[in-house]
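What follows is a single chain, given as structure tokens, in the form predicted alone.
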């Protein structure tokens, strides 16, 4: 079941593209890992889900992000409610300059919760959910800054959970922690996904393999491949994904021939594609642009059945998709 639906999303920093035409669905009550090399747009994509990019100057966003079917970028949307529904656990813990108790109670108070007994229950419940209660229950009035960094991160998790979000965004939330604290946070994520949708950015492939139910791979601001985690890691479709997972340097493909197909019949289009393959040598690359999303899968399958290798298949515009294929020596 889809929880977040991203449609044709592009983000520009001072006119320069950071994300290009992203279209992907985030499943509900699963852990989705966003992976890719540094600077590929992972954190940018994550922050579009709760409009944190609104706080930065020079940002322009095009496209649609639906959370529970509601476009969070539509006019008159209450951004505070969006961020209540979709919380963020940052890379480094950012505790508030107040007590442990008040850190957790802060959000509920902002949203109108009153009464000591009710707040006491919220604080205890969410500290337990974050796996911190037993360690701090006798010093709730102590400054949060006195906790270890691992405890501070769990406190930030408890603080985020206390406003009852539906989605938890985790932006490399274990990268600053020691191994034991990181493992504790990971265990909490595995437990929490029964009740929450978790979307995490990670540089660590081992962590993505351990935790993810679904994986999104970005490269240079583009969505290269996505799918269920086991299928993604065991049978990656495209050359860039295979290179990234194996630790090889990712090279941009040198395009030897291009073909632009618009609104044609599939059988006629495939005849044109086969003719074009006949004009290039084995090892050379053909790029085919189509204007129907359904044509991507059909054409990719036919190209592969002819014995060629699909290197990429991706959205490149609002109504444009590219298939990049390498001619193979032996044709079936």
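Positions refer to the first chain, counted from 1. Please read all numbers here as calculations on a predicted model, not as lab measurements.
The discussion below concerns the form predicted in complex with a small molecule, not included here.
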Could you check which residue among 278, 37, 307, 282 gets a heavy atom within 4.5 Å of the small molecule in the model of the complex? 37
With a 4.5 Å heavy atom cut-off to the small molecule in the model of the complex, the contacting stretch among 298-306, 43-51, 62-70, 284-292 is 43-51
Any of the heavy atoms of residue 256 lying within 4.5 Å of the small molecule in the model of the complex? no
Using heavy atoms and a 4.5 Å limit, would one call residue 318 a contact residue for the small molecule in the model of the complex? no
Within a 4.5 Å heavy atom cut-off, is residue 203 in contact with the small molecule in the model of the complex? yes
Is residue 135 close enough to the small molecule in the model of the complex to count, meaning some heavy atom within 4.5 Å? no
